[in-house]
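Next up is one chain by itself, shown in structure tokens, the form predicted on its own.
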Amino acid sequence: MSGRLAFSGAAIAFALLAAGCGGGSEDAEPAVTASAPAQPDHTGDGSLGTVEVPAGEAVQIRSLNAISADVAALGIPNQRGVELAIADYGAIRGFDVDMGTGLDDLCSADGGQAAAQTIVADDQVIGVIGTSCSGAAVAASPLISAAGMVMISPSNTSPSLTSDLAGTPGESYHPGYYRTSQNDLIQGEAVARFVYEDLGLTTAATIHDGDPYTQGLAQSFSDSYQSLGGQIVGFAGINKEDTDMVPVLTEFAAGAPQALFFPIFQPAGDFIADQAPEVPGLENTVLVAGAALLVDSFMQLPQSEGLYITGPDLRYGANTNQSTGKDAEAFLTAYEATYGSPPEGAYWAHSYDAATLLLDAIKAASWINDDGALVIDRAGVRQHLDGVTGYQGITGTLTCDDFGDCSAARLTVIRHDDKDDLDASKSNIVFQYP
């Protein structure tokens, strides 16, 4: 429920006394003036309403990630990161936290919209960890925002969801949206610097599939690469369901690119990696993949060997999440013990940090009323997240800007040389940024 006003018995008694309804005679001793009840110590002004969680019930949050089909390797570790964060964090003011059943964003606009509609239909939900994919977030974010909820994504990276990092909101930005993953304006520059400065390659092509993530990152790379002095000799789009990449790759070959950057999801990314070396003119072209392919299901394929892959810096060392006291080693030990294998995707730590940020925000925006219920101020949840600065997470130090970019923004490029030893490949870092 939302917007409920509650008055304590002391406040009612005080009002009756002030109105002369207290009874007694003129000779009675003067009544002691009651002081106004202390205001709850919490963030928020009630402008987005409140949610009341009755005693014995749980605080409701949701996970909305890509947990089926070819992109499941990206989203399932994100969902599990939320589950482990809830377990490690514990109760909020004595109230358990419930994630409910994990929802699937399908890595698509339709999937994001459908799941968001399910979420906002439940007015007890405070916030969402997700989506996995930027395309799903573009459709989900306006619904979550309009409902007064918050959404914190561990792996959305499209600049359109936040800003241009220069004060201009993105076309798909909505209040209440945050992320612990990097803005792809940063990743695009990182890849451009790696290709142009470290590899010394002066011509490149890039490909996207029309998704806000793939198109935004391809454009960011293109802009940064050209600003450094490189020449883009091919920029084209494919359909996500395409399997024959030879036509677009042949078009690229005409420009003789020394590098091909393809920030593409599976399965399309599988076909590009397989077919590009066979296209005349691309035999010696250096292939660079985006973070969407920094997943085990791609890196185990024969055609993935020899590629460079960009993504978040996974060297978390002794970084400790300040809300739970857990570091990456403790998380990974618990993950394997709980789920039977290590996380396949790259954003598990970002998901864990996103979940603890949300739980901290709920705690800051809540209080227990006279009925023993937990009252959560929706505006207060946003207010707390807006003020996050210097938060120590597993991924590093997080500070949220005016448009929800909170990431520590540490990126690397690896050279993937061994499909049978993924740990070795993930540790084979050839470039780091900044």
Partner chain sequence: MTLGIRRRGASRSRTRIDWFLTGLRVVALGVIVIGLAAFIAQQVNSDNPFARWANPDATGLTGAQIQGLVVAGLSQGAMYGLIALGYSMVYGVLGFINFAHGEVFMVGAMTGMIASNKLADAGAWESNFIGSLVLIVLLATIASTATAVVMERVAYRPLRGSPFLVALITSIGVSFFIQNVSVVLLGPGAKAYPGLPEWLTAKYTPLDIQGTRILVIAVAALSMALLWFMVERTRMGRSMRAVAEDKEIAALMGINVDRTIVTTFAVGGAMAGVAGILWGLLFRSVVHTTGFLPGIKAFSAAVVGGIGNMGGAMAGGLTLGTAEAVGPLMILEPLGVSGVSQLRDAVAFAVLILVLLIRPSGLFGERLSAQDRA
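Source: prediction; values computed, not measured. Numbering follows the first chain given and starts at 1.
There is also a form predicted together with its partner chain; it is not shown, and the following applies to it.
S.K.: Please determine whether each residue of Thr43, Thr50 and Asp96 possesses a non-hydrogen atom within 4.5 angstroms of its partner chain in the predicted complex.
M.R.: No.
S.K.: Taking the shortest heavy atom distance, is Phe271 within 4.5 Å of its partner chain in the predicted complex?
M.R.: Phe271: yes, in contact with its partner chain in the predicted complex.
S.K.: Would you classify Ile126 as touching its partner chain in the predicted complex, given a 4.5 Å non-hydrogen atom cut-off?
M.R.: Ile126 lies outside the contact set for its partner chain.
S.K.: Would Gly90 count as touching its partner chain in the predicted complex under a 4.5 Å heavy atom rule?
M.R.: Close contact is absent here: in the predicted complex, Gly90 is far from its partner chain, nothing within 4.5 Å, heavy atoms only.
S.K.: Indicate whether Arg80 is a 4.5 Å heavy atom neighbour of its partner chain in the predicted complex.
M.R.: Result no; Arg80 lies far from its partner chain in the predicted complex.
S.K.: Sort through 189-197, 236-244, 140-148, 308-316 and report the only stretch with a non-hydrogen atom within 4.5 Å of its partner chain in the predicted complex.
M.R.: It is the stretch 236-244.
S.K.: Go through Thr203, Gln113, Thr320, Gln275 and name the one with a heavy atom inside 4.5 Å of its partner chain in the predicted complex.
M.R.: The residue in contact is Gln275.
S.K.: Of Ala259, Ala253, Leu103, Ala328, which one comes within 4.5 Å of its partner chain in the predicted complex, counting heavy atoms only?
M.R.: The residue from Ala259, Ala253, Leu103, Ala328 that makes the contact is Ala253.
S.K.: Within 294-319, which residues have a heavy atom closer than or equal to 4.5 Å from its partner chain in the predicted complex?
M.R.: Those in contact are Ser297, Leu301, Pro302, Gln303.
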